[in-house]
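Quick heads-up: it's one chain on its own, the form predicted on its own, in C-alpha cells.
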Amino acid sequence: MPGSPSALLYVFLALPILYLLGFVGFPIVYNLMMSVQEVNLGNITEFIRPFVGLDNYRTVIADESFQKVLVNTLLFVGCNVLAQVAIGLAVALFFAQDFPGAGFMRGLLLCSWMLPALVVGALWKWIFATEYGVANYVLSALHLIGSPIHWLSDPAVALTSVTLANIWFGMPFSMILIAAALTAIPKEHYEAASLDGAGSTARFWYITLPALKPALLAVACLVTIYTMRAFDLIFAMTQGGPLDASNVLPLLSYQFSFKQFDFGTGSAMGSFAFLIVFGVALLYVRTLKQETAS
C-alpha cells in the first residue's frame, strides 16, 4: 500500500533500538539493580541476591571519602568547563583570523585530543615530576619558586595538577566545535558593523557572543559529560591520591567495586555520577532543540 511503512523500515528501526537496549540500557539497569543489593565476590555471578533497599545509598552518603570526592568532582568539572570553553573560544577566535598556516596549526592542536587518556596522563606525570619534571625546571629557571613543588604528592596541589592536565587534554575538542560555530556567522554582519564604526570589542560583544551562545551552552554540556567520565587520566597520574585529594566519582566507584570488592556501594556511587550526567544530557538535548528551532 503506497505511503504505508514497509516491514524493512521496522527492521531498520528495531536494530538501533535493540542496540541501545542491549549496550546502553542493560548496563544502566544492571548497575541500579546492584546498587540495591548486597553484592560480593561470593554472589557476583548470580542475579538473585539479598535485597538491601537504599542501605548502599545511605552508606555512600555517610561515607566521608564520598563527601570529599563529591566536592572534588564538582570542582574538577566546574574548572574544566569554564577553562575549556573560555580557552577554546579564545583559540578558535585566534585561528579564525586570516593568516598563513592557521588551518594547519588548528589541526595540529587536535593531535593532543586524539591521544589516549592514559598516554596523556603518563606525559603529564612526567611534566609534574618533583625532581626531574619540566614544570619545576621552568618555574625554577624563571625564579618563580624557591623549592620544587610536589605536584602529584601534595594533597593541596594534586587536584589542581590533574585539572590542568585535563584542561589541556580536552580544550581542542571545545575549540573545534566553537570554530565550526564561528563559520556559521554571516560575514555581512561584521562588515555592516564596521561601516557603522563598531570596533573589534563591540563586534565580539554584540555579534559574535550572542550568535555563539547556543553553541557555547552545548559545548559546556558536552564538556561536563566528558569530564564527569574522567577516569584513566587521573588513574595514570595519581590514582586519586594522595588521601583522595585528586579522586573523582568514577574512580572512587571503581575503587569500591574492584579493590574493596564492595560492588553494591560502588554501584550506588556510580548511580550518583549517572544521575548528574543524565541531567546534563537532558539539558544538552533541550539546547539542541532550541538551537534547531531558532
Partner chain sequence: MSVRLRQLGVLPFGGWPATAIAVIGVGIYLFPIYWMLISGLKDSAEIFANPPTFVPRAPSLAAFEYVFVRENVLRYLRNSLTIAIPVTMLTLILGAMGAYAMSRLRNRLVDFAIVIVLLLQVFPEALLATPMFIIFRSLELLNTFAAVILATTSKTLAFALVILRPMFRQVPFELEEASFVDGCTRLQTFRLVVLPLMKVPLIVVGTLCFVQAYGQFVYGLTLLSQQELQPATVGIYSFVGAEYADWHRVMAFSSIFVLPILAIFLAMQRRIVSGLTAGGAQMTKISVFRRFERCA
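Numbering follows the first chain given and starts at 1. Predicted, not measured: the structure shown is a model, and the values here were computed from it. Only the largest set of C-alpha atoms that superpose within 1.5 Å between the two forms is called the rigid core.
What follows is about the form predicted in complex with the partner chain, which we do not show.
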Contact residue in the predicted bound form, chosen from 77, 167, 85, 159 - any heavy atom within 4.5 Å of the partner chain: 167
Can residue 59 be called a contact residue for the partner chain in the predicted bound form at 4.5 Å between heavy atoms? no
May I ask you to state whether residue 65 is within 4.5 Å of the partner chain in the predicted bound form, using heavy atom distances? no
Looking at the partner-bound form in the predicted bound form, is residue 247 within 4.5 Å of the partner chain by any heavy atom? no
Can any non-hydrogen atom of residue 257 be found within 4.5 angstroms of the partner chain in the predicted bound form? yes
Need the contact residues for 219 to 239: heavy atom within 4.5 Å of the partner chain in the predicted bound form, sequence order, or none if there are none. 219, 222, 225, 226, 228, 229, 231, 232, 235, 236, 239
On a rigid core superposition, would residue 12 pass a 2 Å threshold for CA movement between this form and the one not shown? yes
